[in-house]
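This document starts with one chain, in the form predicted alone, laid out as structure tokens.
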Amino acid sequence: MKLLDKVALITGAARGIGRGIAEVFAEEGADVAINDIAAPEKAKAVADYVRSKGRRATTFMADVSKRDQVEAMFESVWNELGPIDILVNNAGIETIVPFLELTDEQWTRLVDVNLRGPWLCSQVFCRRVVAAGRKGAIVHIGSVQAGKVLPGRTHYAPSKLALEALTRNMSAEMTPLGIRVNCVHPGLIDTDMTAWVMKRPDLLPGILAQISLGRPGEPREIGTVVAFLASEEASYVTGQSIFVDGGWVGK
């Protein structure tokens, strides 16, 4: 129960990696606020799971790239569950578009969610935590593509690699004020987002051959690492970006 009685807000938590993180957090004793923008029924199911573990839960539909919606979300969660101790910036989108075909709109929307979103949610969170004289922890969810080149991601990969710089620079400013900041880069995780890969017998074996463990990961395997970084067990860890990829980047 390394997160006992902590309050966590997890963005993009209705499914996939976000859901895996929420489930592990509940099992580790945290109350969880589930943010999503497109899957209210799935968000409710995650909240039900959290409550089944004896913890409190709430859901909030908000676009993490919009300041007014982010401010409203933090206000609501803070009032309903109490001061937030942990922020997990998991919300993100991925599209695959050849470089020469990438439009202004595709670039802007993806970067708004994947990079502006974590910056914006973190700023709102940190302002509240510092004003209240509390301590906290932030974990950004990046991608293996911060260290692995894949075609069609000239907008996605930079947004995830940029989270490393955001992590280091936020940590330098916020850790002295009591807020640790770290980043997790998941590899190939079996989720809705990667279902198209899992269903490609012409593609999947070649990818698995590049992964030292020889298999895709599960969302909860990301959740356990995030829970560690958010807990006091990682009290001397800050400003770090960790690949949880089964040995894909290092092979």
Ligand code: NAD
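Residue indices: 1-based, along the sequence shown. Quantities reported herein were computed from a predicted structural model and do not represent experimental measurements.
One more form of this protein exists, namely the form predicted together with this ligand; it is left out here, but the text below deals with it.
- Proximity to this ligand in the predicted complex, taken as a non-hydrogen atom within 4.5 angstroms, holds for one residue of 138, 77, 141, 170, which is 141.
- Taking a 4.5 Å heavy atom cutoff to this ligand in the predicted complex, the contact residue among 47, 189, 211, 225 is 189.
- Within this chain, residue 181 is remote from the site of this ligand in the predicted complex, having no heavy atom within 4.5 Å.
- When contacts are judged by a 4.5 Å heavy atom cut-off, residue 174 does not count as touching this ligand in the predicted complex.
- Interface membership of residue 113, defined by any non-hydrogen atom within 4.5 Å of this ligand in the predicted complex, is confirmed.
- This ligand is not drawn, but in the predicted complex it has a heavy atom within 4.5 Å of residue 17.
- Checking 181-189, 47-55, 23-31, 203-211 against this ligand in the predicted complex, the stretch whose residues place heavy atoms within 4.5 Å of it is 181-189.
- The partner is not shown here, but in the predicted complex the stretch 156-173 reaches within 4.5 angstroms of this ligand through a heavy atom at 156, 160.
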